[in-house]
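As a starting point, one isolated chain is supplied in structure tokens, in the form predicted alone.
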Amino acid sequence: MIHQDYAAGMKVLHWVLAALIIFMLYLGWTMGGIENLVERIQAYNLHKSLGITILALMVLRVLWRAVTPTPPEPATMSGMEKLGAALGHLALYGLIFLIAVSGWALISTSDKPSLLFGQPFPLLPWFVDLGPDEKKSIHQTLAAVHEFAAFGLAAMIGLHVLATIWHAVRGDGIWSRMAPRFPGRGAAVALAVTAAGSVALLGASDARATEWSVDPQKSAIAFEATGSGFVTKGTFKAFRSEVEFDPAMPEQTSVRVLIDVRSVSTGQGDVDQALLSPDFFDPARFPTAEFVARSAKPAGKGKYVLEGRLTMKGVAKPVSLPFSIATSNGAASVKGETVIDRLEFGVGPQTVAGYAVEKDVKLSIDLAALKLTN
């Protein structure tokens, strides 16, 4: 009996996905037990990066199947078997998508930075704009969904393997349709291209700057404003950062800092309340401020200048941030200071209660960071 196979490319995609998913399940259940902090952070970032890779490959697989005919089921299969196979595949696909999407949402509601193969992880906008309490609540729910779906997927994979073995024993050709025989040259080329692409993707970060994890508990983003002889100092207690920097490759620096303006604190309740009003930060409409920079320029020994873009209240302006960095045993201390014109961002009036308020506000950073890659 001659059985029609799946296309060679579909076979390659199937087995690459199978290998990635099995590895991801293993990594997901073991990475939390890694004792070394740096290695544990690297494992989590690899898990997140491969999760997005699987999501992209699954979208490709669904589109491929939508436009490519699949081999017909053998006549020996009963109607119930065909229904069970269809429902089983639907469950497999659904659980994979659920795990990937819930994982992406987990990253977007986390207070810890994440990297996508060495680059700042793109976050889902709706989740980013939530308040801290909402994020915490949703994050816990998403974590439960993510874990439950992972166990469900493991169970479905087990059933899938048992069904495959059953078909192989029965000899009805189901197994052979997806068996990795690769008899033709085209399939070998497809496998080689896929493998080469995977290696290139996984190794892409080797040529990039060093990744750093900033500890918010040991770091500070502060500001200082002056008005009629009075000085107001404050900090933002909640922020998330993604940093890549290497003194040997400052041009490859990548920085993204997301600040929760609702976390502003000056130690004066009435001032804090005023800063959260529509005249100042207006967090009801603009809950976050963002600083992004894609390169740094040397400015002396241990000193550099970030040329970036600051976005506040929907207004984006270029900002230069001079900073110094000192490193020791995989840890770094970063200090920087710059001045911005608050009126350019629509933050605050020119006078408050008849008192003139300077338009220039000093921003400063004092960060403690841990090296993630060599």
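The first residue of the shown sequence is 1; numbering continues from there. Owing to the predicted nature of the structure, the values given are computational and were not obtained by experimental measurement.
Keep in mind that the form predicted together with a small molecule is missing from the display, and what follows is about it.
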Seminar exercise, completed: TL;DR on 274 to 282, 92 to 100, 163 to 171, 67 to 75: the one with heavy atoms within 4.5 Å of the small molecule in the predicted complex is 92 to 100
For this session: Could you work out which of F291, F236, Y304, W104 is the residue within 4.5 angstroms of the small molecule in the predicted complex, going by heavy atoms?
Result: W104
Problem set entry | The single option of M24, V12, V357, V361 touching the small molecule in the predicted complex, heavy atom within 4.5 Å | M24
Exercise. Are all three of I259, F323 and A369 close to the small molecule in the predicted complex, meaning a heavy atom of each within 4.5 Å?
Worked result: no
Exercise. Taking the shortest heavy atom distance, is H146 within 4.5 Å of the small molecule in the predicted complex?
Worked result: yes
Exercise. Though only this chain appears here, would F117 touch the small molecule in the predicted complex if you measure heavy atom gaps against 4.5 Å?
Worked result: no
Exercise. Taking the shortest heavy atom distance, is K48 within 4.5 Å of the small molecule in the predicted complex?
Worked result: yes
Exercise. For A332, is any heavy atom within 4.5 Å of the small molecule in the predicted complex, or not?
Worked result: no
